[in-house]
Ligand SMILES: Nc1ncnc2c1ncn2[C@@H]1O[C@H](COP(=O)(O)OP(=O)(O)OP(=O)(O)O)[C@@H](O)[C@H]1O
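The data below hold one chain only, encoded as structure tokens and taken in the form predicted alone.
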């Protein structure tokens, strides 16, 4: 039977002394030694003219002893002695912070009245969730279940303060492996997709997988316990995996095997290649180039290439016509420039740019496709996220766990920048995007040199909410992330914390008892701060309905890399299982691998009805290799005489 406000038993009474007075923001109350409350419990104080809600922050217990010496003397120095005939009086004293008062004005000290445990309705009022959780239609997103003293109540977040425009961004902090940061984000993202009001627009998520298989199986269901299912029902969230997920990953250095752990045959074809050419990379060359080696002159020449050369017909001083669409085309332009300057008597200037600057930029740019091989191609053709065609309630997973730091920086910077550009023009396909980034310690550190990635993250955290671009960030140590990135997060979630981290200045506002509870939190329990909550609140959440990375690898173990021709067959068969392997291998026999990669990428991008015919058409007719000494086509050639034994007479 559900408890009502009047049927809840009294558990304590507010006490105020000269040294421990009750104030408008804090009060103390005593309870019997046997009490159901603990740190984080929400209580209600019923005064004659006002009702006050508070959350327990600290607790103390003491007796009428003046000094511990009296206890030692009473036991005659023997701690195992029999209990004294008269039991000493003992008090449990609790300290609570005020969450809300009714009426709000005039603001007064907490009355010296009886204390009761909060009911589910009281929790809604205490956390100021009534303004959005009880509206019609309900505009609230569940984050977890409050459970204390026998009371269970869902805790809701205001979408305007989680996803904008009032406030935005979420930051989650905790020890790796114990704080369940990724699990919490996945559950919350599922709740956002199911509860975000459709009247506020369409929403999608872009998740950067930077650690192993963490986000590699979001479309596969997980095994949930009855307790998990019960919490899902209480939070009004369907226990289902994400039904619309698109995976992207770069190729490995061979250009045909995808750099991901999602390679099991049952998942074949579910990962799309992420490949960029010169056009996609040049605008973000600052991420890849060494800033100590690229000065203002080099920046000017890079701008000249981007504005005047790439993607436009270009005629050099010597009459050469260039159509620069790829790194290969750019290399031919550089050769023409150097040859022309040398033929002109060794000139050292071209178009106001010194030849030394041109050589420096050429060396750096030409190394990009080598340093980021598999992600950056020498060809003009590439495959990108569907900017301009994002779909509502869809998760786009960009798997860069197997890419080095340089490649991760490029992927992260370019994807987020493109999202921002399209949201500014309102042509992305959705109005809201959640970007989930783990390991913020690495991408936006509190100290160290200024990087392009950190500047972009700062801009996102400070201005993204006006565009509908929201950052969900996670890290192990909040104190080591740039202060402006974590400070702009409207909602903050704490999992299990390390005591060294709790000793840093950023946690001084927490009581010692709250810190102890944070240091011992079990999996599935979090502390949440939200603009509507005047104090943090502890909640529990169920395991995500999507398969976790470790379990996903066990159920769908990745297959090892295969040879070039077998990899081509595998990717075409993922598009159409009827494609004959022998026919594909015959088509690509004696072909240049770059030509095969180009045709394969075009086929994957187009996804035609007749896969084999499209692939063969893009591959083009076979060209017979002619070596030195071969006769010209059509020449009369005498047949060679077959000799069984060259030494026979």
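The structure presented is a predicted model; accordingly, all values stated were derived computationally and were not measured. Numbering follows the first chain given and starts at 1.
Omitted here: the form predicted together with this ligand. The next part is about that form.
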Contact with this ligand in the model of the complex, heavy atom within 4.5 Å, among 124, 183, 285, 394 goes to 183
The unique member of 570, 116, 262, 543 whose heavy atoms fall within 4.5 Å of this ligand in the model of the complex
543
Is there a heavy atom of residue 491 no more than 4.5 Å from a heavy atom of this ligand in the model of the complex?
no
Taking 4.5 angstroms as the cut-off for heavy atoms, does residue 548 touch this ligand in the model of the complex?
yes
In the model of the complex, does residue 175 come within 4.5 Å of this ligand, counting heavy atoms only?
yes
Residue-level question: is residue 464 within 4.5 Å of this ligand in the model of the complex, judged on heavy atoms?
no
Only one of these stretches, 195-203, 534-542, 93-101, 267-275, has heavy atoms within 4.5 Å of this ligand in the model of the complex; which one is it?
534-542
